[in-house]
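Take a look at this one chain, the form predicted on its own, written out in structure tokens.
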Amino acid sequence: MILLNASEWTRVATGILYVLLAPLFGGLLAGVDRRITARMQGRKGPPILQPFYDVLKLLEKRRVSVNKLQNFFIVLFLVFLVFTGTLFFSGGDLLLFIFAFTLAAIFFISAAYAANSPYSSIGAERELLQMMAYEPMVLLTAVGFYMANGSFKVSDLVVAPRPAILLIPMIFLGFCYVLTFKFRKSPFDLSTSHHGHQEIVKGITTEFSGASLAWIEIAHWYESTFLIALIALFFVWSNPLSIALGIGVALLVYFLEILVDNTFARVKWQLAIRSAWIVAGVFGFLNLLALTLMRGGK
């Protein structure tokens, strides 16, 4: 029988709470997003709970798919996103977190390719381009956390003697920049968007309907939840009150993402990749170089 100490039980409980509550938080976040977007566009907007109504309606519809393989990949996409968030909230390793996060995206792309549709294939290709754009900055973020507090483990980072933002502020700005890709917002919503104002044919999710599309939406709710938590991690340290600070800053960043989404038009994929790599090179590497020089001077 494996005995767990109090700290380990806390991490297990936190992971379980993420599995149960992340869809609720993510769905509410999507509802608030729609309402704020509507107000910015001079509309009243749907109810806050509209995303839940949409998903329930999709679950009731008949599933129409080209082949069973695409549905299998969607299930894996959802499973690995749940695993990624659970790993993060249970205090796991950031490198393993990034690996699982990337693998989930690959399953999503594979599902689009399996549909054998020109529209979904183009969406999948654009999704691959987005991955090429944001992955370098995500990896540099993990390295930055390690150099700031000497560990890749989330459980160690949340009890660090100082918040990571004090040592890696440029990495934080770079990470916020590439979050526009992950939240699927303009100007970097290349493959699809959570709003219907971009295009009639909805990119990578064109060939999905019914329950499959519902699982994709739920997966995005899980994704949004742990991305918000990852933003908050920059501001969390051993002081318990820092958790509230981190959540407040994370929600402010999300509001700024909504503002950017409603301010800028979509750019071409060449500019998206070029700008993301420039940000990773300037903000990421310069911040790591500064940390290295600080360590070398001691």
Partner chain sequence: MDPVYFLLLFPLLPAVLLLLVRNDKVRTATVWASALIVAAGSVWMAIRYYSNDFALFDSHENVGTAMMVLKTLFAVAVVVYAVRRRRWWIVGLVVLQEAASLWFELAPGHQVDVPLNLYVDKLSLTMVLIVGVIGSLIVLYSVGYMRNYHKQHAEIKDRRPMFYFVVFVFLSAMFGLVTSNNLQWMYFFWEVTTLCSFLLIGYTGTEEAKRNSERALGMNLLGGLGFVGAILYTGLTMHSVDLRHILQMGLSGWDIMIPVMLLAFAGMVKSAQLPFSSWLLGAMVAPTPTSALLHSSTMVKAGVFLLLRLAPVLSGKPAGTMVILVGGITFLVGSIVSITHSDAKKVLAYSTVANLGLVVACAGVGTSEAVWAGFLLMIFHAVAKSLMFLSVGTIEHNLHSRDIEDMHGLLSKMPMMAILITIGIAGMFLAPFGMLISKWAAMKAFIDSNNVFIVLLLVFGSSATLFFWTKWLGKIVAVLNHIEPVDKNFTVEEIVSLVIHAGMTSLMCILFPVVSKFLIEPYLFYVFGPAATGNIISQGNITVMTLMLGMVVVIPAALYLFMHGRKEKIVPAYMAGANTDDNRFFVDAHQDPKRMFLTNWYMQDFFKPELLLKISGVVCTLVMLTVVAMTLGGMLA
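Numbering follows the first chain given and starts at 1. Since this is a predicted model, take the numbers as computed values, not measurements.
One more form of this protein, predicted together with the partner chain, exists but is not displayed; see below.
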Could you spot which one of 66, 38, 259, 245 gets a heavy atom to within 4.5 Å of the partner chain in the predicted bound form?
-> 66
Here the chain appears without its partner; judged in the predicted bound form, the stretch of 39-47, 58-66, 251-259, 23-31 with heavy atoms within 4.5 Å of the partner chain is 58-66
4.5 Å heavy atom contact, residue 273 to the partner chain in the predicted bound form = yes
Answer yes if any heavy atom of residue 179 is within 4.5 Å of a heavy atom of the partner chain in the predicted bound form; otherwise answer no.
-> no
Does the partner chain get within 4.5 angstroms of any non-hydrogen atom of residue 171 in the predicted bound form?
-> no
Residue 140 within 4.5 Å of the partner chain in the predicted bound form, heavy atoms | yes
Every residue in 164, 189 and 225 with a non-hydrogen atom within 4.5 Å of the partner chain in the predicted bound form?
-> no
Within 4.5 Å of the partner chain in the predicted bound form, which residues of 101-127 have a heavy atom? Give them in sequence order, or say none.
-> 102, 103, 106, 109, 110, 113, 114, 116, 117, 118, 119, 121, 122, 125, 126
